[in-house]
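First, one chain by itself in structure tokens, the form predicted alone.
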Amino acid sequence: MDCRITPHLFDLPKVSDPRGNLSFLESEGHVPFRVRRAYWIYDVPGGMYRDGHAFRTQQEVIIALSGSFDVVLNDGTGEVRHHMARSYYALYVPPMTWRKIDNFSTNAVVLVLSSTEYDPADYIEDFDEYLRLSSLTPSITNSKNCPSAKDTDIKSPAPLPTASVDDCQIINLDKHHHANGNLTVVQNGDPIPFDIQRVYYLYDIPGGESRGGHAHRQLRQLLVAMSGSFDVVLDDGSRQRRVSLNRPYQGLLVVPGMWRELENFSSGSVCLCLASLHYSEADYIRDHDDFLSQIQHKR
């Protein structure tokens, strides 16, 4: 992991698959902070911009989930423009960095992961005020928050809990309307009942493809259609339920002990998953017959 505290682009893992590619990052692993908030900007008219601001304390990572846009940074000596057009690149932005987003392509989707919960007092929205405050802020020469990657693999798999397809809920997320693009926010514990430990997303998915047949022993997840649409087929071992996702301001909460498959992807769709645990292969059940046998044994 690159832990420089200056703004910089870095590569994210890219798992290539003919059914659609996958990229991911983990809180306090691929990013040098604990993720406390995730928000995304969408429905931005092509060519529009989002006003500039800086944060006193917040660190953030910015990713293009769909389309493209530019992140423009300015420390008072001139602008540095970063063109974001690939889902497997991310831009780290440290505190006290003035930034704006412009040059949106049609259907662009911006994902931002933040180190703080929303706090209006942390925003600096006047550029002159930013320059004054930044001149008073000591230069940071090293990072104390740069963690090493964690080995979180579960050595002894947890028992598979009994769950019902009715335990999986659609959550209506806040939608903040704006002429220059709408915004949806998720914070740890609000409205999801867990902290965000891992974020992954599927993209470049051919229309009509299927992905993700597996169950988890402990992980909880929120699935969101950031672009396009797809269906989630839930299976608790007794009943199945199909849920269609097609709005970036609605998410499906999937509980542990649930077999789920993603299918019927529209062309150009992007699936975002906010997950409650770091990656652990021992938490997965990847064979459906094995899943059914464990569920039937518990019953």
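Since the model is a prediction, treat every value here as computed from it, not as a measurement. Heads up: residue numbers just count along the shown sequence, starting at 1.
This protein has a second form, the form predicted together with a small molecule, left out of what is shown; the following refers to that one.
Q) Are R211, H216 and L262 jointly within 4.5 Å of the small molecule in the predicted bound form, each by at least one heavy atom? A) Yes, the whole candidate spot contacts the small molecule.
Q | Contact segment among 195 to 203, 159 to 167, 82 to 90, 174 to 182, judged by heavy atoms lying within 4.5 Å of the small molecule in the predicted bound form | A | Within 4.5 Å of the partner lies stretch 195 to 203.
**Q.** Partner contact for L22 in the predicted bound form: the small molecule, 4.5 angstroms, heavy atom
**A.** Yes, L22 sits close enough to the small molecule in the predicted bound form that at least one of its heavy atoms falls within 4.5 Å.
Q: Give a yes or no for T116: in the predicted bound form, does one of its heavy atoms lie within 4.5 Å of a heavy atom belonging to the small molecule?
A: Result no; T116 lies far from the small molecule in the predicted bound form.
Q. Is N74 one of the residues lying within 4.5 Å of the small molecule in the predicted bound form, judged by heavy atom distances?
A. Judged by the heavy-atom cut-off of 4.5 Å, N74 is well away from the small molecule in the predicted bound form.
Q.
Is it the case that Y284, even though its partner is missing from this view, gets within 4.5 Å of the small molecule in the predicted bound form, heavy atoms only?
A. Because a heavy atom of Y284 falls inside 4.5 Å of the small molecule in the predicted bound form, the answer is yes.
Q: Identify which of Q221, S227, T97, N188 has a heavy atom within 4.5 Å of the small molecule in the predicted bound form; exactly one of them does.
A: For this set of options, the contacting one is Q221.
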